[in-house]
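In structure tokens, the next block holds one chain alone, the form predicted alone.
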Amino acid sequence: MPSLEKATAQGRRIEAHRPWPRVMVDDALWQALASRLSDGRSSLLGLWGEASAVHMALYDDRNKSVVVATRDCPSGRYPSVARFHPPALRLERALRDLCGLTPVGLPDARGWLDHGRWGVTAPLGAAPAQSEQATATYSFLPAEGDGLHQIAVGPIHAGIIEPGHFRFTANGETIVRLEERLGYAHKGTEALMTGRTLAEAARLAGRVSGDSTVAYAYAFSRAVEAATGIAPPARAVWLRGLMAELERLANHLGDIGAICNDASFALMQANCAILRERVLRAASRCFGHRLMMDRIVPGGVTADLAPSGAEALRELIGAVEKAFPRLVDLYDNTASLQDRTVGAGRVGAALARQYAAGGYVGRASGRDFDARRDLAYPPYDALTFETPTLEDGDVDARVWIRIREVEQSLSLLVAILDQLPPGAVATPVPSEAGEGMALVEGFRGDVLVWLRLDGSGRIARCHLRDPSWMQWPLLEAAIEGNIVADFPLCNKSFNCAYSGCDL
């Protein structure tokens, strides 16, 4: 069985693309690569387009290699990947809405991001056209059977959360189908990126999904550095790792409490919220911003660790290490809470692998992938840590993955502080053309950024892929057979991004 790189060897390699190869392929090779996805020989990392080309990033699990395949589309058409590999379906629907390229054989002809409100069709396509602003009719998939009824939830929700629509079909209280509709938070981010300076584009990248601002800025900066062939100073590299683990720690603590709160166990929510607030205050004390927004940029970082930063972080680590084990015991020994989380919202291992689910969603269902380790980048290539995995794939397993990752992040923070080198925190980025790609492990999973720079060093095209693209469809599968009242619990255990996918 040939490796991914051997399978694409007949394609024409684009030399300007770093660090992984990008190859131009014909229809036959494109479909052969789609076949590799369908039979599990490769995993789909991303699928995106331009005015007259479509790109597909694949990952070979056996030798941990990445390849980007590109198919020119002078006629505006290309063979659908989703026809062979269902996880590509929403990506291709979004690609068609944005770029106007038609996936031949696409099993679902409905739009995804375009709700008929943009006033323009295919804004990233070769010939964007003006259109009347009118709400497009959207037909949800049918479900047939006796005693079925539908429940419509959203896009506006009772809580202060992002918009998304959930259409349930239920038999009494039992859910037999869930279908999601997203796109309400579309901001035109990728169109806004085009023509921007690196400084302007970095700010946009950090605002794709606010709870992952570090991960997105990190991935964007690494992609720029790959495209231009530069390396940030050593101190900047380690400071980036520090910020990434603080972001992971804050989000996991918040999620653990929120999941328990959706099971009506507010005590966990209150205590986890206190710890999360301590993390955010420590981040502000260290880097001048609670979310560390705009602190990671191409070439390094914009803020060094404050003089009292190391002391603040060690105080934080001590406080969390003292309080968190008691909360873990409380979670594990509260029978009423376990009754709600154990067995609810299961995702099977085969489905998690098929969808290349990252983060706690994938790892709770046995998919052992972590970009920090498997596509190792600094400083993680010099650090020792564990990637916890479980097999049960339920709400409880997703909680436990978060618990173990909290413990690993605390350990990583100590290791980074102990090894933090002195020196500069930024280096200039040359204004030159190039192509780059990066995967960075955010708290939800792997964040992908691919970009092309023009001769003046501005953004010619930038694509940003949130891990939630691979996780939202699994929520639909996980909720089947559960009761309606357990949806908030299952949904929060996934905590997929709306804004990150709506772009």
Partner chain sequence: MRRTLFDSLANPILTEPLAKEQTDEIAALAGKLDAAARARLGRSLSIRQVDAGSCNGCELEINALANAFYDLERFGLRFVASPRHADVLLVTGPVTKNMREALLRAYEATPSPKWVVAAGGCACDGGYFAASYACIGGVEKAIPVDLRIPGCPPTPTALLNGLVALLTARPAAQSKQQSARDDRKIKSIT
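Keep in mind the model is a prediction, meaning the values are calculated, not measured. Positions refer to the first chain, counted from 1.
If you look for the form predicted in complex with its partner chain, you will not find it shown, but the lines that follow are about it.
Asks: Which residue, 385, 265, 168, 140, has a heavy atom that falls within 4.5 Å of its partner chain in the predicted complex?
Replies: Contact check passes for 265.
Asks: In the predicted complex, which of the listed residues (222, 276, 340, 90) lies with a heavy atom within 4.5 Å of its partner chain?
Replies: For this set of options, the contacting one is 276.
Asks: I'd like to know if residue 80 sits close to its partner chain in the predicted complex, meaning any non-hydrogen atom pair within 4.5 angstroms.
Replies: Result no; residue 80 lies far from its partner chain in the predicted complex.
Asks: Verify the contact flag for residue 394: yes if a non-hydrogen atom of it lies within 4.5 Å of a non-hydrogen atom of its partner chain in the predicted complex, no if not.
Replies: Because no heavy atom of residue 394 falls inside 4.5 Å of its partner chain in the predicted complex, the answer is no.
Asks: So in the predicted complex, does any heavy atom of residue 184 sit within 4.5 Å of its partner chain?
Replies: Residue 184 belongs to the contact set for its partner chain.
Asks: Taking any heavy atom pair closer than or equal to 4.5 Å as contact, tell me whether residue 118 reaches its partner chain in the predicted complex.
Replies: Taking the distances in the predicted complex, the answer for residue 118 is yes, it comes within 4.5 Å of its partner chain.
Asks: Any idea which of 237-245, 224-232, 148-156, 403-411 reaches within 4.5 Å of its partner chain in the predicted complex, heavy atoms considered?
Replies: Only one stretch passes the 4.5 Å heavy-atom test: 148-156.
Asks: With the partner left out here, if you bring back its partner chain in the predicted complex, are 70, 373 and 426 all within 4.5 Å of it by some heavy atom?
Replies: Looking in the predicted complex, the three residues 70, 373 and 426 all stay beyond 4.5 Å of its partner chain (heavy atoms).
Asks: Can you list, in sequence order, the residues from 470-503 that come within 4.5 Å of its partner chain in the predicted complex, counting heavy atoms only?
Replies: Going through 470-503 in order - heavy atoms within 4.5 Å of its partner chain in the predicted complex - there is one hit, 499.
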